[in-house]
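Take a look at this one chain, the form predicted alone, written out in structure tokens.
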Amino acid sequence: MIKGLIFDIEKYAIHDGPGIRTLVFFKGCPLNCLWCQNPESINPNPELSYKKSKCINCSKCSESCPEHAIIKNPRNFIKNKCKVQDGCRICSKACPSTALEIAGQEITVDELLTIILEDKEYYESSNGGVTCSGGEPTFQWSFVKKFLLACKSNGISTAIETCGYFNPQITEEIFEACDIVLFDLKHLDNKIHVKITGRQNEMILKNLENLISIFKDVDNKKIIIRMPLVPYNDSKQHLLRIEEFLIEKEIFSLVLLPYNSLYKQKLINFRLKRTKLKISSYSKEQLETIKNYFKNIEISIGG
């Protein structure tokens, strides 16, 4: 039986598509964006999180670990001994204070659909639905497609959030499975795109062009273009290029997703060796100035 690997389910989400939605976070992403707000999503395997503030120093985790990966308490953790990626859950089950949690739980389509259906009345009353996020949901496309089609067969509107880096051959399948595509652009300059995400943008831009062509003028289908707003792409020159690019594609709106630093605590919890960016969140005044750069498309600020 096909299973997906998810790391979170957020109910009553209101920033990831229209209406009230359930947001499902999938593990695995082909990009490695410097500012990634879900750094635990990049690795396609399960990972162990340790929240120091919840730890009561009972040592039950170290006593239970068959690999001796935890010495006395989770502060002393030998990552290469841990078997969480192989399915071990012993330490997290032994922890009485939920200081140890696993990001990455296997789930079947039926199990996930059961959770989604619990809130169907909210979707219907608000024109909401389900949104697959991550990570990158197309990274587990076989499962995600089957899940989204199951949602549609139950009358639930479907959406995905995508970075656009996927096999072009699944474009028609995305059209079939998704009512809404939330497409995140990072940068139009290929060299800069490689520097800040680890991947070239040629396939991303081509996939966007293909999606626009098949979604265009189709009732109940929509593409929403978004852009994470970070100091690497927020120059007036680049933003005006974005505006020109979107107008050429007959897209007249853009959602900006301002940088925030909430991911830094996750780097600590998951012991991830990633750089903590020394940049600040945008002020209201800065965002207003940036919005005023755009003269010919509608700009909104996302959460």
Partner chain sequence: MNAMNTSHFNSSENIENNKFRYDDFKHLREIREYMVNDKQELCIERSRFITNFLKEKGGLDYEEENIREAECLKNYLQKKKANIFPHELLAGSTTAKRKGIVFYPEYMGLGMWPELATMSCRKNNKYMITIEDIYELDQEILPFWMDKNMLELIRRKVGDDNRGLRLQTLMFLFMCSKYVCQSHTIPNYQMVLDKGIVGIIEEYKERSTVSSPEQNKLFKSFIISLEGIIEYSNNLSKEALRQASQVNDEDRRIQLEKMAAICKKVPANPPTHFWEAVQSIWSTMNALYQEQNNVGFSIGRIDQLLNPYYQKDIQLGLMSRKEAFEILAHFWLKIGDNVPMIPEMGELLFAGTGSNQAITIGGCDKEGKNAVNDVTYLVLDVVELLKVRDPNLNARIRKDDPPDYTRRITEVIMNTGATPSLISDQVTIPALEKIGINLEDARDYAQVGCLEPSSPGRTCPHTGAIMFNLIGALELVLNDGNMLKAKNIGLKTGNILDFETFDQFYGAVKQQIKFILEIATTFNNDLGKILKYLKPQPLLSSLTEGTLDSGKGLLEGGAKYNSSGIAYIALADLVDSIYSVKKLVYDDKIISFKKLHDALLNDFKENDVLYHIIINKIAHFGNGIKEVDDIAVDLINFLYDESRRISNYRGGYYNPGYWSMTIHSGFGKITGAMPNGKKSGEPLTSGLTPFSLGQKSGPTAVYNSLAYLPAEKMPNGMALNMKFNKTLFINQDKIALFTSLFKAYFAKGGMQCQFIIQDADDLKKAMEKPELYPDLMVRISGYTAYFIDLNKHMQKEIIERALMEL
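Everything numeric here is computed off the predicted structure, so don't read it as measured data. Numbering follows the first chain given and starts at 1.
Not pictured, yet referred to below: the form predicted in complex with its partner chain.
*Asks:* Is S125 close enough to touch its partner chain in the predicted bound form, meaning at least one heavy atom pair within 4.5 Å?
*Replies:* It does: once its partner chain is placed as it appears in the predicted bound form, S125 has a heavy atom within 4.5 Å of it.
*Asks:* Hey, in the predicted bound form, does I14 get a heavy atom within 4.5 angstroms of its partner chain?
*Replies:* Yes, contact at 4.5 Å.
*Asks:* So, in the predicted bound form, is E111 in contact with its partner chain at a 4.5 angstroms heavy atom limit?
*Replies:* Looking in the predicted bound form, residue contacts with its partner chain do not include E111, since no heavy atom lies within 4.5 Å.
*Asks:* Is there a heavy atom of K249 lying 4.5 Å or less from a heavy atom of its partner chain in the predicted bound form?
*Replies:* Output for K249 is no: heavy atoms all beyond 4.5 Å of its partner chain.
*Asks:* Its partner chain isn't shown here, but in the predicted bound form which of L240, L34, C58, I268 has a heavy atom within 4.5 Å of it?
*Replies:* Result of the distance check: C58.
*Asks:* Could you tell me which one of G198, P96, G87, P231 places a heavy atom within 4.5 Å of its partner chain in the predicted bound form?
*Replies:* Contact check passes for P96.
*Asks:* Contact check in the predicted bound form: E106, S133 and E209 versus its partner chain, with a cutoff of 4.5 Å between any heavy atoms. Do all three pass?
*Replies:* So, no: the whole triplet misses its partner chain.
*Asks:* Just one stretch in 169-177, 67-75, 112-120, 210-218 has heavy atoms within 4.5 Å of its partner chain in the predicted bound form, so which one is it?
*Replies:* This holds for exactly one stretch, 112-120.
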